[in-house]
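Next up: a single chain in structure tokens, the form predicted alone.
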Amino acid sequence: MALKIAVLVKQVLDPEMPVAAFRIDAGTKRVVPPPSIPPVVNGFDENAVEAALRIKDAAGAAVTAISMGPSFALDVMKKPLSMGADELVLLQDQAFDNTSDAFFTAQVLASAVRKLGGFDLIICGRQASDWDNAQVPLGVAELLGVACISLGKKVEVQGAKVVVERLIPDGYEVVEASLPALVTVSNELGQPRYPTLRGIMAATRKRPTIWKLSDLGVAKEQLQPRITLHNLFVPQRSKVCEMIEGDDAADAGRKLAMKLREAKLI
């Protein structure tokens, strides 16, 4: 039987967009997507797709990309398909608008994995560029009861186990776990492959599976958020510049040192 790999991907605002285009609706505590700048697939999740496809190239595997959100830009979310993934499952429902709550998101994704019959290996990006909390993959692994290896820079499947070169502050360590397991990967894995023209054309012909909350067999009451968002705002910044003058360079240096000492910076 072919290895079954799931890749969890997320649609995010383009992190390269101009700061001036970033807006927050204070009333709803939501980031307002800029109408002229399309979203993108989270960068670390592209690394996760690449990790899955390397395993597919080496040993053969069926790769399914899974994403959750209230709405999707289909051309954007088909990128894993154009890279070489076999299937795309979109969990799309207005009830899935609470993406700031990692436990909520983990519950929905874990429910989808169960509905799909489980996977031998689940690969995720280390974190998403919008909230940067790096908690969803850990929550999914816990809810599914599988081993979790984080911060992988190389992922290989050897028989009934996954072997991961895991990043640590002064290098890497080799960690292995029995399948099924979940692995998160970082950009040290390497540049994700570019979709080929053939891959793009094949992706346009594939229709994603779209499930609502009711399709997952999960009651909305089971998905109560664990986090209360009290406020969301862009921090205000101010700068003050003071010119230090002196009779000569040495005098200016002494006065600067006194100012820094008064401010307890030295």
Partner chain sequence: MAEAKGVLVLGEIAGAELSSSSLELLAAARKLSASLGEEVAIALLGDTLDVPAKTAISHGADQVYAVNHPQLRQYHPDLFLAALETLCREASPRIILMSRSNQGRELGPRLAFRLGVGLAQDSLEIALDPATKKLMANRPVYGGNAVAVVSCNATPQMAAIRPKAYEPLAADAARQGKITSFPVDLKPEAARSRVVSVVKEEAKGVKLEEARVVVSGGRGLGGPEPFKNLDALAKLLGGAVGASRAAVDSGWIPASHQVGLTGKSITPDLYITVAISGASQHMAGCSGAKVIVAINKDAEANIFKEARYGVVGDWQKVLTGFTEAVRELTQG
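What you are looking at is a predicted structure, and each value in this text was computed from that prediction instead of being measured. Residue numbers count along the first chain shown, from 1.
Heads up, the form predicted together with its partner chain isn't pictured, but that's what we're talking about next.
Listed residues Gly60, Gly217, Pro35, Pro235 were compared with its partner chain in the predicted complex; Pro235 is the one with a heavy atom within 4.5 Å.
Scanning Val89, Leu116, Ala177, Val157 against its partner chain in the predicted complex with a 4.5 Å heavy atom cut-off leaves one residue, Ala177. Note on the interface: of 116-124, 72-80, 163-171, 89-97, the segment with non-hydrogen atoms within 4.5 angstroms of its partner chain in the predicted complex is 163-171. Residue contact check for Arg207: none of its heavy atoms lie within 4.5 Å of its partner chain in the predicted complex. At the 4.5 Å threshold, heavy atoms of Ala202 stay clear of its partner chain in the predicted complex, well away from it. Not displayed here, its partner chain is kept clear of Lys212 by more than 4.5 Å at the level of heavy atoms in the predicted complex. Interface residue remark: Cys241 is counted as part of the site for its partner chain in the predicted complex, having a heavy atom within 4.5 Å. In the predicted complex, not one residue of 51-86 has a heavy atom within 4.5 Å of its partner chain.
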